[in-house]
Ligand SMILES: Nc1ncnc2c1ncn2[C@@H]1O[C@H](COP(=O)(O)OP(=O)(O)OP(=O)(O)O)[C@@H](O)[C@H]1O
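What follows is a single chain, given as structure tokens, in the form predicted alone.
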Amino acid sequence: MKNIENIRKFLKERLQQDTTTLYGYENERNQVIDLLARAANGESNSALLVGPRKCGKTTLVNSAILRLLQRESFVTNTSIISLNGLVHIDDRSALKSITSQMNLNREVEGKVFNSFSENLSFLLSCLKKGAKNQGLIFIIEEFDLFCAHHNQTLLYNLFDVAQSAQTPICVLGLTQRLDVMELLEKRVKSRFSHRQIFLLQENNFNDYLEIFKKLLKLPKPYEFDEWKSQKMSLEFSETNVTKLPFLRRIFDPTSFNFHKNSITEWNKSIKKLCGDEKMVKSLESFFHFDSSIASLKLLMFQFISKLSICNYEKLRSSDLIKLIERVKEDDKVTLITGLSVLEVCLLIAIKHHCDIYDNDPFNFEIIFTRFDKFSVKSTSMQNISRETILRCFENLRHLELIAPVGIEGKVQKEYQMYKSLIFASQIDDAVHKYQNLPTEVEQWAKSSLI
């Protein structure tokens, strides 16, 4: 049992803390490595790393820096400064963070600066005095949020220093917005190198399945030896204070010890698990739902937690299938299954209207007329007052399943036009999952013919 606890702890820590292992994007990583290495050689540059959320932008940069930290010339000749648009909400807070990360708080203390550029120039001059040819690497996450800062002063000064070659500086921005260049002011854009590196997600389930296996399997003894040699090569980086925040984020597997037989038995169980066809099909459906590695890691963390909750010695495919079904649940579908039968009938009437009239807006009178035709031939939906139906219709609006079109209040509420905020497929799923729904309502949901 103690061995299982150790395995669970290792797998969880690797999923949470390993921010440097990159899957794919080899060409893009090589470009970033080349870009950052030039700062150590005294060359200034700037670039943007563009890709959707959770595609691995931060992991790619961390992986590139980890490679470079094994070069002594890079460690001694560069300082890494990290900024984040979600944390540094204005240029003043960003400048304080830069000062702190450059360890220049004492030099700045008590001084008064007339402008942002004067403050930044002073910091760079202090850096020159301390170390000749010391390169600066600025990693700016959520780059698009810095574009909203007043006059884009920080970006202007950083790009200006990079262009004028006053100090070796590399500015690397990370963003998910494809239109980020349009957010830059003309004076900022003119000083930017216009180099953009795009991360396009590769949708390949076979590679996705291999990553799933790799994250669940325990490393073999020779892999532990490789990690130990890497750790030794990084020891000299610890003397550079600016690298310490980054080094603390590196996952250290060498603190774990596993018996050779335990590794073999566990890896055999994972191989058997991945041979389950139902589990593979379920994982494939999750891949089509969300193909990012970040989401896969989050799913696997919950899966591995079953080892402690249920006291299992092995992972079970049925648990993963249930987890995937729960994650894929549509909130709107769950909401609809909790509505009254009358409200579900109104949604079915809205669905048929949108199918027939190609998603044209509708009002209460249109939906009431369609529902009334059904209720005449229905045995379970007769003798319902118009006021009750109107209240149910308004409830759909309060639940944001429908939304008004145009300005409200200019017409009577029965004639206010609305549009549907849910898809026909969501209504069909809800009808299928709704417990004890009258058979005639289910049949009406399948066909608009009454």
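These figures come from a predicted structure and were not determined experimentally. All residue numbers are counted from 1 along the displayed sequence.
Quick note: we don't show the form predicted together with this ligand, though the next part is all about it.
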| message | I'd like to check something about V333: if you look in the model of the complex, is any of its heavy atoms closer than or equal to 4.5 Å to a heavy atom of this ligand? | response | no
| said: Whether V441 contacts this ligand in the model of the complex should be assessed with a 4.5 Å heavy atom distance threshold; does it? | reply: no
| message | Can you tell me whether R29 touches this ligand? I mean in the model of the complex, with a 4.5 angstroms heavy atom cut-off. | response | no
| Would K297 show up as a contact with this ligand in the model of the complex if we use heavy atoms at 4.5 Å? | yes
| remark: Answer key: of L396, A64, I422, C55, within 4.5 Å of this ligand in the model of the complex (heavy atoms) is C55
| task | Look at the stretches 347 to 355, 288 to 296, 219 to 227, 374 to 382 and give the one with heavy atoms within 4.5 Å of this ligand in the model of the complex. | result | 288 to 296
